[in-house]
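Shown below, as structure tokens, is a lone chain in the form predicted on its own; questions about how it binds or moves come after it.
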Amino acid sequence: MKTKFKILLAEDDPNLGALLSDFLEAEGFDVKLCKDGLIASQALSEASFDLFYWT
């Protein structure tokens, strides 16, 4: 079984966030999209991620 890498993506532009999230999910990643850094910080404290990216 192939493991999905979990990515936390913080992007305040909804169109860009959706585009990036859709692309990453199509490539096989498990993506959590957050609309700002505060929400992303909360997500980081509640779950573990292999990668997080703030834009």
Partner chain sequence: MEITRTNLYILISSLALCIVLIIQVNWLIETAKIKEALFNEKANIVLARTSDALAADTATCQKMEAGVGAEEIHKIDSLFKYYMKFYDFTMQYSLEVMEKKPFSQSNTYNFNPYPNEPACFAHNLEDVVRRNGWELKLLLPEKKQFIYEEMGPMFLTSIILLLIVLLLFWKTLKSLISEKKLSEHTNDFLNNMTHEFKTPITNIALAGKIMMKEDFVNQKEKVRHYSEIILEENDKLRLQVEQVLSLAALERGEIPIHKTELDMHQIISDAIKSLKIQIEDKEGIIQMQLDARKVRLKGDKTHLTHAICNLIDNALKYSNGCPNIHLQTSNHEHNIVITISDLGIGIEKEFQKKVFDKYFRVPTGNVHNVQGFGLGLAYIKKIIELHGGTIALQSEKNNGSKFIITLKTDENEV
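Numbering follows the first chain given and starts at 1. Keep in mind that what you see is a predicted model, and the values were worked out from it rather than measured.
Only in words, not in the display: the form predicted in complex with its partner chain, which the text now covers.
Student: Quick one: does Ile39 come within 4.5 Å of its partner chain in the predicted complex, counting heavy atoms only?
Tutor: Close contact is absent here: in the predicted complex, Ile39 is far from its partner chain, nothing within 4.5 Å, heavy atoms only.
Student: Heavy atoms within 4.5 Å of its partner chain in the predicted complex: does Leu44 have any?
Tutor: No, Leu44 stays farther than 4.5 Å from its partner chain in the predicted complex.
Student: Is there any non-hydrogen atom of Val31 lying within 4.5 Å of its partner chain in the predicted complex?
Tutor: Judged by the heavy-atom cut-off of 4.5 Å, Val31 is well away from its partner chain in the predicted complex.
Student: Within a 4.5 Å heavy atom cut-off, is Ala10 in contact with its partner chain in the predicted complex?
Tutor: Residue-level check for Ala10: no, no contact with its partner chain.
Student: Check each residue of 3-37 against its partner chain in the predicted complex and list those with a heavy atom within 4.5 Å, in sequence order.
Tutor: Asp13, Asn15, Leu16, Leu19, Leu20, Asp22, Phe23, Ala26, Glu27, in sequence order.
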